[in-house]
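Only one chain is given next, in structure tokens, and it is the form predicted alone.
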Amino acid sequence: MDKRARFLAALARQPVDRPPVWLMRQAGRYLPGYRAVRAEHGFWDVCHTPELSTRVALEPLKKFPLDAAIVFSDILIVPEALGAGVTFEKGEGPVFERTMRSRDDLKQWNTTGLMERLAFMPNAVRHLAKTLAGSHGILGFAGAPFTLFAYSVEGGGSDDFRHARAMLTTDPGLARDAMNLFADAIAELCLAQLAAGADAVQLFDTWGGLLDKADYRAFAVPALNRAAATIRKAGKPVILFIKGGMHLLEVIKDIEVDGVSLDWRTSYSEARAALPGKLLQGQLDPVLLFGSEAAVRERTRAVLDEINRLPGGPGGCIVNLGHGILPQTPETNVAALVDEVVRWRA
């Protein structure tokens, strides 16, 4: 099978010769080519310029026989386009000039012409698709409603997002309204990416794992289903990633997404038992890539063998990391991981 055909078959939960492989943050700071681009261009400039976004997205494809590319952008483009004033401080992550702590703050968000301000992302997908000319699968993405809500209330990154989580009880109506607004925005953004050439989209609920089952079901799930119901009208798969979401498996089965990306604490066998009809992806620990090459190969083979033992075998499974590649990750270990997948046969 060629790379894109393999990726599309896995997305459709059809038989494959081997599971396809791509890696979250595969175009990132561990690659010299990415660092060279960033030495000359600001982060938002790269996101807003299709030629630069494509240049960065192609870097890992040149080095490793990956089956899919993911458009280079960021989940926080939506709050930025709404008027939050998002900047990235070196070593500190995102900082919001304007937080959303009240109903008045929510009313200040500028939804008029939002997709015009976000057009650079589907334009980047279109440029990437034209450049790849069908050689690889293409993923688009967006932030999930709760994670975008959490950043917007907190004003940046946090260990506990206490302001955002507190709002779920102090002003649940405001929390739901904000998440619904994000759901509608990301649905439009994802539809535009799919129309531009993406084969699937992934929703990143990076901080969803902070919620217990009751709160995730009450707040995150309705907004996710609101977005997914719209996105799925395009007839292409929607994948959900929840970092730290192992305790949410019984809740995830009620979310109207086609696939689930597993973090490194959730095994394929546990996920398949809880989510029998969904595409599964992910699972390898990004920190594994800082170990020995032998360990990387051994752990990758173990995951592949576990996938092969699942009901239905490797069909409907995609090898990936359980979160993004970390800076300073040795390229040789990334190469070893991908090589083990490419060489593997049931």
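Please read these numbers as outputs of a predicted model, since none were measured by experiment. In case it trips you up, residue 1 is the first one in the sequence shown, and so on.
Another form exists, predicted together with coproporphyrinogen I; not displayed. Remarks below refer to it.
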Location of coproporphyrinogen I contact in the predicted complex, chosen stretch of 279 to 287, 37 to 45, 294 to 302, 307 to 315 [non-hydrogen atom, 4.5 Å]: 37 to 45
Scan 231, 100, 183, 71 and let me know which has any heavy atom within 4.5 Å of coproporphyrinogen I in the predicted complex. 71
Single option in 244, 94, 83, 222 placed near coproporphyrinogen I in the predicted complex, where near means a heavy atom within 4.5 Å: 94
Would you say all of 25, 28 and 207 touch coproporphyrinogen I in the predicted complex, counting a heavy atom within 4.5 Å as a touch? yes
Quick one: is residue 275 in contact with coproporphyrinogen I in the predicted complex, heavy atoms, 4.5 Å cut-off? no
Can you tell me if residue 76 lies within 4.5 angstroms of coproporphyrinogen I in the predicted complex, counting non-hydrogen atoms only? yes
How about residue 323 - does it come within 4.5 Å of coproporphyrinogen I in the predicted complex, if we only consider non-hydrogen atoms? yes
Should residue 157 be classed as touching coproporphyrinogen I in the predicted complex when contacts are defined as heavy atoms within 4.5 Å? yes
Residue by residue through 138 to 176, which ones have a non-hydrogen atom no more than 4.5 angstroms from coproporphyrinogen I in the predicted complex? 141, 151, 157
